[in-house]
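One chain follows as structure tokens, the form predicted alone.
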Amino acid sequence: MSLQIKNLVVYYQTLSGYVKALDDVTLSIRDGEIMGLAGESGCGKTTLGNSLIRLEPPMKYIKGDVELDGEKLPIWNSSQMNVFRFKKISIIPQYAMNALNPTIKIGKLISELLSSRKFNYKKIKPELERRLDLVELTHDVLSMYPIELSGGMKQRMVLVLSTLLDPSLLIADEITSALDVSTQKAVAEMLVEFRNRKIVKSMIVITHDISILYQIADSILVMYAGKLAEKASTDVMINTPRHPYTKLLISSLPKVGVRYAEKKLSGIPGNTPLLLDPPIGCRFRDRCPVAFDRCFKEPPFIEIEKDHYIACWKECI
């Protein structure tokens, strides 16, 4: 098993109290698995990704365990996590195109980063150039400033940079959101190629765009209001979702060839709950079309079929 998370709780500390952004999360990712992480804004996707690599204020670790390849990650201690970052676990952050220092040429930036991890730039440069070839970037980019690269080129450069030391787990956070459709497809295919070539062992791909996950992910995990709602293989999640929230989320997507005049898109009624004081029981209860009395008690996240997990009383009884 590549990644195991048990009962992870991470809150945001504010003047008004704790925002319960990630509440009792338990999941696992197998070696070689690309897991897509989906849900509305504020559901906890980015919080989950960031908590695995760098907890920054106002984020606060409350409890839980994280193991990667059988080794426990001290996610609550930033200095101890330095041993794991970039080498065992790496991230392509949200707004990755702005992650490159605009005042430093890319080659020098990579050299300084490798030096901070006690790696020799000259020894790694041949492999760096091979990976630039893999993502279809010329070696000239190493002598360029980030401003000289297009958005798609920056995104591919950050992909190379984040995986240069072959991390076991790569977290890709909204890496296609600011790109045109053709570049989105190219970047998504590169993620799969990096997994297939065993440059990285497994991935978490965080996105609002479920259509991207349908193309590249082996499994999809849907979150809602800091809780896990459903996890299954991609085909199952797209074709036969079981959780009411997942069903509404997927039904709100436009279908190819269907005109707006024929079928208007429908959103999910209501709003996500405020996580300073989340509702008792199922957090989707107030928006759920099939809610009943038992939903005032929190449903467990359990396996209802092989590799199909769900937190819903309607499906568990």
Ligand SMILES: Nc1ncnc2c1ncn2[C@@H]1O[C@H](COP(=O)(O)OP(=O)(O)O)[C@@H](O)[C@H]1O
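Only a predicted model underlies this, so the values are computations on that prediction, with no experimental measurement involved. The first residue of the sequence shown is number 1, and the count goes up from there.
As for the form predicted in complex with the ligand, it is not shown, yet the points below apply to it.
In the predicted bound form, at least one heavy atom of Ala21 sits within 4.5 Å of the ligand. For Thr46, a non-hydrogen atom is located within 4.5 Å of the ligand in the predicted bound form, even though that partner is not displayed. Put simply, Gly267 is far from the ligand in the predicted bound form: not one heavy atom of it is within 4.5 Å. Within this chain, Ile29 is remote from the site of the ligand in the predicted bound form, having no heavy atom within 4.5 Å.
Proximity to the ligand in the predicted bound form, taken as a non-hydrogen atom within 4.5 angstroms, holds for one residue of Glu40, Asp69, Glu33, Asp65, which is Glu40. Of all the residues from 272-298, the single one having a non-hydrogen atom no more than 4.5 Å from the ligand in the predicted bound form is Leu275.
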